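For reference, the chain that follows is the form predicted on its own, supplied as structure tokens.
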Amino acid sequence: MRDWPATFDLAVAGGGNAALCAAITAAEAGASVVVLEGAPKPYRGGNSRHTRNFRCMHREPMFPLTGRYEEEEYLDDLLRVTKGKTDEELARLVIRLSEQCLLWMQAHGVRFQPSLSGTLSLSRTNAFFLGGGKALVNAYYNTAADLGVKIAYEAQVRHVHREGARITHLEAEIAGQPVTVNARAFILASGGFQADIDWLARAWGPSARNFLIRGTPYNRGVVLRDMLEQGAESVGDPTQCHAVAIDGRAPKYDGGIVTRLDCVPFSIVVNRDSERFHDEGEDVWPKRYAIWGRLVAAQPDQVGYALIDSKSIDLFMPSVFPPARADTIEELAAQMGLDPQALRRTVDGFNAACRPGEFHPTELDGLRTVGLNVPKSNWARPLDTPPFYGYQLRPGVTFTYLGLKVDSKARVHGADGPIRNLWAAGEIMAGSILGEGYLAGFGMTIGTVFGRIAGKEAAAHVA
């Protein structure tokens, strides 16, 4: 910090994808920039270091994407998963600008690999990072350093000092020491509040204490709460979040992408009473995987159990922990703490309801059940081929959707209009577009697009 100027052109609170895209864009426009990353250096990057891919509009094949994925199809996918709860103007903006991002990302050090096959079915819509999100984060930090961006780690922003329609400075702790950060413009990209379990419990009730936080433990919503208390306009429901069903053996925090289980479309999923509670095959997995965290959260003890047989064990991404394994349904139930007879009745009823047809694991195949109160619409095959396998599921929260309301220029608003020198990007404003549900790779798209917008606008403000 000894070489810091007395006043930066731009201070960025946060150190993930959105923050780095903003910092790089502003630095390339000539601004002096500081990034305040709350985590220690080995854990830098927020949730971005756990990501794998970026959802991108394109009109023709472009490596690593196949075919084409145009605006109306992209928007339709988003509207279906959010049930229409989105700001369509902002959603279309993100979709359209995503087309420009792929080349920009490559120009700033991000490398891509061919999309994965199998359950994910994303070769046309999502570009996968070579080396995953950690490689992307490292590339951006290297680029930012080359541009002269100052980086502070263990830099917890405690207060954003607002005077009327402008921000004057940030109060932070850097490596435990109080520091005042002066700047002419500010970007907030410090994520949601999911790592604050008390806040989650106030929103969801006591059941939230059983949730696992698959993302960074450093996103506690300190900056978000501070801005809301100072009259910034909010958007989003505090009970809505990106929550997926993850392996129940995952750690409380920071398990990341590897704890996700992709077996649900080929499974039956039951609760602790051995009862199915939702259609496991209603759509392809990238469009429906993010509903399962909320579904499991609504079950007794916030737990579920995914059961498959040997026909399906190789059809999805391997799990980080091996599944339970048994030669009979009753033995599997006993291993998983379920009532063996109750589970046997559920499996027998499901098997009897399955109808013959052609099974296609990577597309909707219409292989469905008939006569069940909870149907399975696709990929419904009897569990009849031992050995049998099982996974315990728990809700894994990635990020929350309560956030700061922004406009198309990423400006944060108060009751009287825009705060003149304040912008937001990434998960702290994603609730402007994600009212509920999730679309694989879309969080990275929001962060990249709005990070670049915020960086451009902030640099123009100080120019």
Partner chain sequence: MSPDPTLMDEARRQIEICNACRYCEGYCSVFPAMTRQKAFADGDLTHLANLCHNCRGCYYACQYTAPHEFALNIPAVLADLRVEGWERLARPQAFARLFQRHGVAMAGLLVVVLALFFWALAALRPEEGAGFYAYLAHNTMIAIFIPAFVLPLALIALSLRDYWREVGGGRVRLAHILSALESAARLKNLSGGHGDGCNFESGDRFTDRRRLFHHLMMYGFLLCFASTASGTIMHYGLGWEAPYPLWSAPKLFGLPGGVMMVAGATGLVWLKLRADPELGAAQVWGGEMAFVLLLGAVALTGLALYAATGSGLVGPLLAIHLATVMVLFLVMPFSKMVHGFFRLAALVAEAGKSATAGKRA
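Numbering follows the first chain given and starts at 1. Please read all numbers here as calculations on a predicted model, not as lab measurements. Basically, rigid core = biggest C-alpha set you can superpose within 1.5 Å across the two forms.
From this point on, the text means the form predicted together with its partner chain, which you will not see here.
Asker: Even though its partner chain is not shown here, does residue 318 get within 4.5 Å of it in the predicted bound form, heavy atoms only?
Answerer: Close contact exists here: in the predicted bound form, residue 318 approaches its partner chain to within 4.5 Å, heavy atoms only.
Asker: Does any heavy atom of residue 413 come within 4.5 Å of a heavy atom of its partner chain in the predicted bound form?
Answerer: No, residue 413 is distant from the partner.
Asker: Just to confirm, residue 89 within 4.5 Å of its partner chain in the predicted bound form by heavy atoms?
Answerer: Because no heavy atom of residue 89 falls inside 4.5 Å of its partner chain in the predicted bound form, the answer is no.
Asker: Classify residue 67 as contacting or not contacting its partner chain in the predicted bound form by the rule of any non-hydrogen atom within 4.5 angstroms, answering yes or no.
Answerer: No, residue 67 sits far enough from its partner chain in the predicted bound form that none of its heavy atoms falls within 4.5 Å.
Asker: With its partner chain left out of view, choose which of 310, 182, 138, 341 has a non-hydrogen atom within 4.5 angstroms of it in the predicted bound form.
Answerer: Exactly one residue meets the criterion: 138.
Asker: Since exactly one of 257, 155, 75, 151 fits, which has a heavy atom within 4.5 Å of its partner chain in the predicted bound form?
Answerer: After the contact test, the surviving option is 257.
Asker: Counting only non-hydrogen atoms, which stretch in 268-276, 237-245, 320-328, 374-382 is within 4.5 Å of its partner chain in the predicted bound form?
Answerer: Stretch with heavy atoms near the partner: 320-328.
Asker: For the heavy atom contacts within 4.5 Å of its partner chain in the predicted bound form, list the residues of 51-90 involved, in sequence order.
Answerer: Going through 51-90 in order - heavy atoms within 4.5 Å of its partner chain in the predicted bound form - the hits are 51, 52.
Asker: Quick check: residue 325 between this form and the one not shown - does its CA shift reach 2 Å or more after fitting the rigid core?
Answerer: Yes; that C-alpha moves by at least 2 Å between this form and the one not shown.
Asker: Does residue 254 count as moved between this form and the one not shown, where moved means a C-alpha shift of 2 angstroms or more after fitting the rigid core?
Answerer: For residue 254, whose C-alpha is compared between this form and the one not shown after core superposition, the shift is less than 2 Å.
Asker: Once you line up the core, how about residue 266: does its CA shift reach 2 Å between this form and the one not shown?
Answerer: Yes, because once the rigid core is superposed, the C-alpha of residue 266 moves 2 Å or more between this form and the one not shown.
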